[in-house]
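Structure 1 and structure 2, given next as structure tokens, are two forms of the same protein chain, each shown alone.
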Structure 1
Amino acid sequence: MTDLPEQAPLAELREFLYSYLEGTPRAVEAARGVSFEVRRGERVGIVGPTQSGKSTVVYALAHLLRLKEGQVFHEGEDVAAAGYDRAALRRSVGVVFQRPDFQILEDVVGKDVAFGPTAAGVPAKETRERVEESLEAVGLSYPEFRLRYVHALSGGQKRRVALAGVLAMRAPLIVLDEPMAGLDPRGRDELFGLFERLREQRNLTMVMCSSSLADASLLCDRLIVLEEGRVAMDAPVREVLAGADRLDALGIALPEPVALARELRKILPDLPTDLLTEEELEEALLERLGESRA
């Protein structure tokens, strides 16, 4: 019996190199040999300090840059190869930008969510079903919001509309560019809850670019940490958080439970730092304090 061939990654970068203003005296090298895979069902966070190459890598995955052959692949195919169907790729990769106003094209919510499916030739009946399904999925009631004017929405609601537009396209890969940036605490909590529901209800493949390790740790299963355009770490979330000293050396702000645990290791050397919440930190402290009193 022969082994079945392994399915190609949904997205892949192979020694990806990219420079802005290439060939000019002002050229800036943003990606310096970045390699990683994204497989179906994974939720991957791209994190790193300022100018580490996060946005460049995310834009490459979404094919928003002029790419060279042999570096960026979608389902095993080179997206820069001659004859590749780039229009189909853009329907397969949905991008939610940091500023939703840049991607909301219509003045009414329902029309905007319907824009992508309509442009792709989806029949009107199915488009309407997708619009209703997608708005409900992001927590916006279809009867209440389909005729709302976009300019009357809050920042968090606009991000939900942008995400609904991507969901309506049923893209296999969703790319989020700093989804929590600029939101107030309530807006962040609501968006966290939304993404958690989507994780449970749909087997989404998601790549999230974030300057916040705390946000990425709570939303993703795996983290890719960039430093000066190179991959410094690529591992499951808890494995990355366990390397708190290295993260700090890279200039990445640690999530509060990790930062507190790192300080407390001065008196409790075996205290772990692979912690996602304050509740986990409290549990780890009680366990060790209990052992010390026994």
Structure 2
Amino acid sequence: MTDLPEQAPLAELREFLYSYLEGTPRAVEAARGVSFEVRRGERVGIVGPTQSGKSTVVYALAHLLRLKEGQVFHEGEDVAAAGYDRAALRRSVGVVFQRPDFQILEDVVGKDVAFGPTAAGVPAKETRERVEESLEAVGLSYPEFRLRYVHALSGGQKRRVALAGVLAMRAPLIVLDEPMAGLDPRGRDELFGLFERLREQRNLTMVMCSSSLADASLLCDRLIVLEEGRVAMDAPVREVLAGADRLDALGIALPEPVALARELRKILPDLPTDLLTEEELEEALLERLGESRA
């Protein structure tokens, strides 16, 4: 394998191990040797049963954990190496936390979304443009929401503000912990569209973890399945979905079209299960139910 710097993965974990509360009786081994690479423009979903270490892995990629064992690389460089500017690196990775309260820093919506760009020295005019663009991108009207107090928003509105704040930073890599939780159906659809556009326009690289295999399958190209802090599968989305039985055994709920296809297999045994969307399932069903009627 050639090792030209421009071909180095954008991010990589190598034998990453992590324990919370190490050295105390309450210690928990959350990651037990996790290795994978993330290439530029890739969208990687981290899924797994509850407590399998998804959030921990995401925080490692955001350089938010103090590393003890294993290595984290950014553009091929070991971020723990002496002299590496980890603070600057942290600013270049956008993080969306599971709880919006962890990252909302200002009391007024417009100011909060402006926080990142302003801190990074982006000129005021451009910051304003980015704030407007980011709020509209997450489905919050700029004139309506820019002066609202963050604490006086609904749960889903707060999550949208948190996401807008990260978008406004224009980071080349964003990592997200459960980005779809608490969004209404339209909000979810809009988020799918948004991530699609961001990749096309900016070649954005994205790593998200989700307890919903359905969301991760729709948003990502590749899935990493964790089980008790270890990588159980790492493959393109469809390949992972084709192993529905294995996912079932891990206690991971299947995406709705896959679950529905499995239910229908009881009477249509040749129905495929690596289906991502309603349209695909519709087509597969029409093929089997429609022919004798047309």
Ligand SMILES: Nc1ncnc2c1ncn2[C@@H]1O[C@H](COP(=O)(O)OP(=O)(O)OP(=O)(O)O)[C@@H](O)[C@H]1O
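If you superpose the two forms and keep the largest set of C-alpha atoms that fall within 1.5 Å, you have the rigid core. Just so it is clear, the model here is predicted, and its values are computed rather than measured. Throughout, residue numbering runs from 1 along the sequence of structure 1.
Give me a 1 or a 2 for the form predicted together with the named molecule.
-> The form predicted together with the named molecule is shown as structure 2.
Core-aligned, is the CA shift for Gln98 between the two structures 2 angstroms or more?
-> Indeed, Gln98 is displaced by 2 Å or more.
Does superposing the core leave Ala114 with a CA shift of 2 Å or more between the two structures?
-> Where the cores coincide, Ala114 still shows a C-alpha shift between the two structures that is 2 Å or more.
Has the Cα of Leu198 moved 2 Å or more between the two structures, judged after a core fit?
-> The answer is yes; the displacement is at least 2 Å.
If the rigid core is lined up, how many Å does the C-alpha atom of Glu263 shift between the two structures?
-> Once the two forms are fitted on their core, the shift reads 3.2 Å.
Once both forms share the same rigid core frame, by what distance in Å has the CA of Ser134 shifted between the two structures?
-> Ser134 C-alpha displacement between the two structures, core-aligned: 4.2 Å.
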